[in-house]
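Shown next as structure tokens: one chain only, the form predicted on its own.
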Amino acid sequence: MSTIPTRTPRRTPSRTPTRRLEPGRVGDPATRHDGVPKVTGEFAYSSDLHAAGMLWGKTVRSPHAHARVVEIDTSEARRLPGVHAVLTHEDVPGQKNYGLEFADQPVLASDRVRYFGEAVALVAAEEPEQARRAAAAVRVVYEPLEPVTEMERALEQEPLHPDRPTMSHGYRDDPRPNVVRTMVIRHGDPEAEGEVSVAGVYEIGIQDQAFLGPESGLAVPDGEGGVDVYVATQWLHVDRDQVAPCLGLPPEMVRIHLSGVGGAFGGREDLSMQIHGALLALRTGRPVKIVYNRQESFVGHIHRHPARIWCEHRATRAGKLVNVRIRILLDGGAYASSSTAVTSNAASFALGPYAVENALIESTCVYTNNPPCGAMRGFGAVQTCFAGEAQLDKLATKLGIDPVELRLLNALAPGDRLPTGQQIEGSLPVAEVIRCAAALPLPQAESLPREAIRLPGGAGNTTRGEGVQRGIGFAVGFKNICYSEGFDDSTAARVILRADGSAEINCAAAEVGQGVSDVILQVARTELGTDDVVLAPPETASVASAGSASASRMTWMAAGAVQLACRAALEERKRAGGDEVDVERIYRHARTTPLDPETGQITGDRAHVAFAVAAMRVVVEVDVELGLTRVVWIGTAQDVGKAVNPLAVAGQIEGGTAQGLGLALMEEIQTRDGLITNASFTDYLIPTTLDMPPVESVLVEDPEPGAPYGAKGVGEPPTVVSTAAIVSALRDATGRELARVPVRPDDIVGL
């Protein structure tokens, strides 16, 4: 086995050079700067990285969902040709645990594994096949334990985390075992009666982010005890702050660099290869590259929380909501990740964008031995929007009221209060968004016979459309923008303004495909009055944190930081007499405060800084005899504040809608006793271009006071609302309740 050299020259992996981009200012429909290289195959993703002399890393993973680790024998693996390192938990030099919000997850399992695919050991070898063989040669003796897999039973079974890592953090005390967080919101009189009521139980399966670029990265030792990690991630500085303690290093000796990201959607907020690659690189003294295969990717990141939701909506005969009672149960899987925030979001947005004077909302997330769950586009709000909008449709049917009119009757407006007691003070044009979506003209029904590709089931259909029925659905959803409940949400930007008028922008905002790099450059060009602007590669060493590319916050926060830094740079250059200036500024939005742990009520002016709403109208065709579906058309209106780049906004709406369509009709991770049984794109289906209908979008621009340029994030609302809207249309076509997603053919034909 090779030893660590006393000094190794610092090696930098090859990557895409900084490009000078095409001009575009705030409000222009600017073309994506990375669009052409991605389409032509020139774009360098993290899996394309290479460094001279690099080794290949491989992770040994648990085949059990729950087991005691009795013994780990690495002797055979160490003797294999080309192997340079085999590491276990004993080789972690610093803190043994890490976590996005709570350090409850071991770097490498020691005494117990808590989910299928948990990392147990690491190997590094000269070639990928040598690393694979070495990983297979690591002998781990397990004592299988009964897995905790049912959400409700988890509240009674032996605790998976007896130390209760998420307790005593200002949350409501819940003595039941395996509780990650419980949140209760009491609003008005939770016992208030209505003249009519509807009730239902709704379920949401486990959805995967299904990004096309599996987890990958390259760790490069600097020869001085530190390490550079080049990785596809969503939050560079929090990655660093988790990695450094586990390596036993100060933060400045761990530098995280953003590499090309092949999709994220929340799945890259948690660590994947970062600590493992760094451990191997520091042990061997050589760069180490790790690339997950697709099966490994399914266990190498978190997923959307599955949920079971009990609802009762009480109303007057005129349709005015009087009282809503909701109980939400979420499965967080083996570790906390961001489950506490998802628990809160699910509760906070459970009523939808409607004014309701009385409510009782209970939201609980539990630990299980199922795959870990965390952030995914629209987290928490997707689950409750599906349930809540189904309830609104059910109420409209019972009252004989048009579903759109029922929603307009109850629509939130500025000045109204949320069930948390927070008053809506900014922009939230719910009624306008509903009207705009409802006004979009529906496509004419296509006559029969027609090409099979234009029938439910596509080219594989066995009918000529005899059993096809058309349905029209409608749904509304909303969600918070930026971080909430007292989180110190900030983004830094650094501007180097040169004497010749050119500028370089440094910001650690993660470009994960959402277009924030273009937003940064549009803002800089607007503020500096020049097109001669370049964006430096994001990294932790050159600028302070930008926060995560999540919570629909990055456009707002990065625009605010760059705007602030540009204006400061111009002022500084005036004082400097035109010489080069280098200015860094940190932007923060209006302060938020936590919710009361016992009542769920605000403890200050606000728990959320802002909100965005979307409404969607959907046309489907359903072959009711075969259970096959086709989404024909989607029309949507969305509250975007101010569209910094209208072209990118339309793209975000289409992408978010596609993920909601996937959850509605096909996407679900299947598990058996905690083991994933469909960890491939052969068995885990995602929408293709043949599944996606035309999406007609109306952008409602009602600027958000206090936001830079009035802009709001746009990435999550389409996903929040699209699943609910599509299933609403399926109900209209079939007359069935369809209380679970994804909807299966058997659910439609009633087998």
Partner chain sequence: MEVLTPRSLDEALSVKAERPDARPIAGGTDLLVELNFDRARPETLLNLNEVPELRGWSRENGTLRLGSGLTYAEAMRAPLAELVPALAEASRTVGSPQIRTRGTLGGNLGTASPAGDALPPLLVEGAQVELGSLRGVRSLPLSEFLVGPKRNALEPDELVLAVRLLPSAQPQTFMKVGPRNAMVIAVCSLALVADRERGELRAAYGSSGPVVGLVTAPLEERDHFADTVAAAASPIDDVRGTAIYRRHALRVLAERAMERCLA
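Bear in mind the structure is a predicted one, so any value in this text is a computation, not a measurement. Residue numbers count along the first chain shown, from 1.
Beyond the structure shown, there is the form predicted in complex with its partner chain, which is absent from this document and is the topic of what follows.
**Student:** At 4.5 Å by heavy atoms, is each residue in Glu129, Met666 and Phe681 next to its partner chain in the predicted complex?
**Tutor:** Looking in the predicted complex, the three residues Glu129, Met666 and Phe681 all sit within 4.5 Å of its partner chain (heavy atoms).
**Student:** Its partner chain isn't shown here, but in the predicted complex which of Pro646, Gly655, Gly457, Gly300 has a heavy atom within 4.5 Å of it?
**Tutor:** Answer to the contact question: Gly457.
**Student:** Sort through Ala590, Leu442, Val196, Ile453 and report the residue having a heavy atom within 4.5 Å of its partner chain in the predicted complex.
**Tutor:** It is Ile453.
**Student:** At 4.5 Å between heavy atoms, is Leu628 in contact with its partner chain in the predicted complex?
**Tutor:** Judged by the heavy-atom cut-off of 4.5 Å, Leu628 is in contact with its partner chain in the predicted complex.
**Student:** Would Val698 count as touching its partner chain in the predicted complex under a 4.5 Å heavy atom rule?
**Tutor:** Contact check for Val698: no, nothing within 4.5 Å of its partner chain in the predicted complex.
**Student:** So in the predicted complex, does Gly467 come within 4.5 Å of its partner chain, heavy atom to heavy atom?
**Tutor:** Gly467: yes, in contact with its partner chain in the predicted complex.
**Student:** Looking in the predicted complex, any heavy atom of Arg606 within 4.5 Å of its partner chain?
**Tutor:** Residue-level check for Arg606: no, no contact with its partner chain.
**Student:** So if I measure heavy atom distances to its partner chain in the predicted complex, which of the stretches 25-33, 40-48, 683-691, 65-73 falls within 4.5 Å?
**Tutor:** Flagged stretch: 683-691.
**Student:** Can you tell me which bits of 290-314 touch its partner chain in the predicted complex, meaning any heavy atom within 4.5 Å?
**Tutor:** Residues within 4.5 Å: Asn293, Arg294, Gln295.
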